[in-house]
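A single chain, nothing else alongside it, follows as structure tokens in the form predicted on its own.
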Amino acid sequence: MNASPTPAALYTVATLACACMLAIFASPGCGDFEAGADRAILNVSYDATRGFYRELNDEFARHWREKTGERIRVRMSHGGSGAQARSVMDGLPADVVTLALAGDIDAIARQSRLLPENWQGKLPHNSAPYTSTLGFLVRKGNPRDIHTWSDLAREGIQVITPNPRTSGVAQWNYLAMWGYALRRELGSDFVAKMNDPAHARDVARAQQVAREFVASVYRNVAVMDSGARSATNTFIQRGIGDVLINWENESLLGSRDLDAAGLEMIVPTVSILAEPTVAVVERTAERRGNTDLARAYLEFLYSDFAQDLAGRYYFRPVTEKALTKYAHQFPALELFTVDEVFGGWAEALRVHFRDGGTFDQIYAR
């Protein structure tokens, strides 16, 4: 695989690409057809998928042309997952969304009615064609001795994590901290205890401890960027912070360059299973005459090619064949899910990320 561009270069390219895309959609007759495509779809995605979709889109275009004779293009928009969802609700004409968390697609379904609320049952594995978790980037030699989530709350540690209001990975980061604190208080069987009325008093106490722990981590946050890519730029290019919380796949993908950059990666042994999800934006795709193409594109994510590509980009594949092939590159971790610990995304959003929710309360300064 060719060496990846630097985060700063990727961020600059992404900014220019978004500007160009807006110009294309505002100016009929330019863009796709001038480039020789018969049809185009827009995939609105999150920060950490840039390289993966760059390769996947080329292969899907070849696959579609061999199958149908039609020449197509897939255009991309990248950014913080929450901000991307709001852009779609505000009119960005996405045919498909491939976002960092199901809650963002739920918001599009609920608030804009651009797709049905049962969207998650339309594709295998609850419409999550790959998974990931979280890792820590630290300075070379790990001079601050950071290994677990609890280390992020130590006095004097500077943490870099994006804003949960705009970033999908930031919400995963927040929930991972919270779940870790619950596990630390309740023990390895904490999920079972949380669903057992006999442990209600212990769970209530653990929830308060988790709230205090997460608040202590956010008191250490030095910069809160809008998305994962800009947070990476803050940590690597600007040299701010002792630790960056980021996607496992992003850290592993860049691991070959970490030594030269004066960095190393730590993966906490207890964390959350991140399940990025995908969906056809049905009303938009239908209006643009792209329903068949949009559906085929997302179904292609479960193909042997796409699952193997996911493994090569250090996402955790969902098919047994690819997962077995790439299992060696992923640390063995204890992973809990949003459903197990937070009652699903709707409940997590209601409690933690709504206006005036727990995040707003603990981050008020």
Partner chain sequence: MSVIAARSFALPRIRQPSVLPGFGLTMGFTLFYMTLLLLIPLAGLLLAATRMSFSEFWVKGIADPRVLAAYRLSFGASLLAATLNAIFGFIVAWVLVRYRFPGKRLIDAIVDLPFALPTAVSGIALTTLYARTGWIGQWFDIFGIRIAYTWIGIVIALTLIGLPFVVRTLQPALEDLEKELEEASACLGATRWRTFTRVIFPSVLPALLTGFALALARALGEYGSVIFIAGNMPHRTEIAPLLVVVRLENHDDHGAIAISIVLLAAAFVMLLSINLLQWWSRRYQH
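Small disclaimer: the values here were computed from a predicted structure and weren't measured. Numbering follows the first chain given and starts at 1.
What comes next is about the form predicted together with its partner chain, which does not appear here.
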Check: Does its partner chain come within 4.5 Å of any heavy atom of residue 121 in the predicted bound form?
Finding: no
Notebook entry, point to check: Using 4.5 Å between non-hydrogen atoms, is residue 85 touching its partner chain in the predicted bound form?
Noted result: yes
Next item on the list: Give a yes or no for residue 141: in the predicted bound form, does one of its heavy atoms lie within 4.5 Å of a heavy atom belonging to its partner chain?
Entry: no
Check: Would residue 197 show up as a contact with its partner chain in the predicted bound form if we use heavy atoms at 4.5 Å?
Finding: no
Check: For the chain seen here without its partner, which of 128-136, 224-232, 180-188, 206-214 has a heavy atom within 4.5 Å of its partner chain in the predicted bound form?
Finding: 224-232
Check: Which one, 154, 71, 238, 147, lies within 4.5 Å of its partner chain in the predicted bound form by heavy atoms?
Finding: 238
Notebook entry, point to check: Which residue among 89, 252, 109, 293 has a heavy atom within 4.5 angstroms of its partner chain in the predicted bound form?
Noted result: 89
Check: For the stretch 53-80, which residues lie within 4.5 Å of its partner chain in the predicted bound form by non-hydrogen atom distance?
Finding: none
